[in-house]
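Before any questions on how it binds or moves, here is one chain, the form predicted on its own, in structure tokens.
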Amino acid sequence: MSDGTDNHDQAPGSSLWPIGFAIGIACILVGLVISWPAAVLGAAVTIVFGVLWIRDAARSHAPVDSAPAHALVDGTPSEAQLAAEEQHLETYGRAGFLTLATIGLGGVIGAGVVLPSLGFAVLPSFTGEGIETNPVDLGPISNFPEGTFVITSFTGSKRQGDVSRRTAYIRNNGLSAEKEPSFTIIYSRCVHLGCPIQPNGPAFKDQAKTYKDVTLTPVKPAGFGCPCHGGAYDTEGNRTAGPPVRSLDRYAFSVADGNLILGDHFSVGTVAGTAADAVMTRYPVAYPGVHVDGIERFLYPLPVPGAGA
């Protein structure tokens, strides 16, 4: 005879926590490429859903007290009571233990595989192992005639030597509206794939000068061009044709004791105006082929130190 009660353990229902956990992992991986806030959000989602998943798994395998309660018989517990007490002695069954052990072991293995891989793949870009560009003394301002571009070759880092040799196209714009010296300093790498650009005009090598290890050659360009893939730019560095997606990168500058000092390298979206009246937004150095403004900038990797130095 049966009293109609269901004495069989019910299998735990489906859980959405593993899906949330997987979404969190995906957000971390995408965030490492696109945006650190997205990576942090993904880590938070992963932790929350991971805890909920483990908690749900633990509850689903907790023992259910289905034994009927009986009164003591002659002051001694009945066989049913003894069986229930034995059931309570086992906090988790073997299935529950194996589930939790599998989840925990999988997490440890996953961390052991993913974290070192991410460390070797990502961290070197942020540890200052790229090409250095220290402030460079380019010599007296008189080396740069007003209104004339000068092909300027220099060593970016004395410690790294010739491997840090760079070229910039520098034009003395005279004084700005604030009566401050103004210079246009364009980096010589195409923002398509990083090929060296060339001035579209004659270079006057017979007028070349040398200041320390800096070489200065006047040039009269109508613009700049990339011989590799046909990228073309005007004299302000704005793209006029070809595959580049933004204006040419530039260098900041300062003037100390009458000498022009080359500063930090930065990226530019678009330049409005010309010469001393030019207006632009300064962005961190971006890889060639990467947008720095507009909605497209969210689809590219974060710039890292030394990416385009």
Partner chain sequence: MASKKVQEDRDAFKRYKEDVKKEGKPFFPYAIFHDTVMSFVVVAVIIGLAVIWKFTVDDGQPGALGPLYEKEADPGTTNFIPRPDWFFYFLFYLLRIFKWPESVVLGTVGIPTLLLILLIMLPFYDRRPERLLLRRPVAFVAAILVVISMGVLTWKGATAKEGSEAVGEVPTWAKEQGFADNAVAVEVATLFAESGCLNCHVYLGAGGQNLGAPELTEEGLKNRGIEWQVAHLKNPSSKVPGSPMPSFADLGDENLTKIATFLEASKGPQK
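Computed from a predicted model, the values in this text were never measured in an experiment. Positions refer to the first chain, counted from 1.
Beyond the structure shown, there is the form predicted together with the partner chain, which is absent from this document and is the topic of what follows.
Taking a 4.5 Å heavy atom cutoff to the partner chain in the predicted bound form, the contact residue among L41, A241, A252, L29 is A241. Note on contacts: among N173, T99, T155, N200, the single residue with a heavy atom within 4.5 Å of the partner chain in the predicted bound form is N200. Proximity of E296 to the partner chain in the predicted bound form: non-hydrogen atoms within 4.5 Å are present. Interface membership of D162, defined by any non-hydrogen atom within 4.5 Å of the partner chain in the predicted bound form, is confirmed. Interface membership of S182, defined by any non-hydrogen atom within 4.5 Å of the partner chain in the predicted bound form, is ruled out.
Looking at N143, you'd find every heavy atom of it more than 4.5 angstroms from the partner chain in the predicted bound form. Stretch 147-155 is the answer when you ask which of 107-115, 147-155, 134-142, 206-214 has residues with heavy atoms within 4.5 Å of the partner chain in the predicted bound form.
Of the residues in 210-237, those that come within 4.5 Å of the partner chain in the predicted bound form through at least one heavy atom are, in sequence order, K220, P221, A222, F224, G225, C226, P227, C228, H229, G230, A232, T235.
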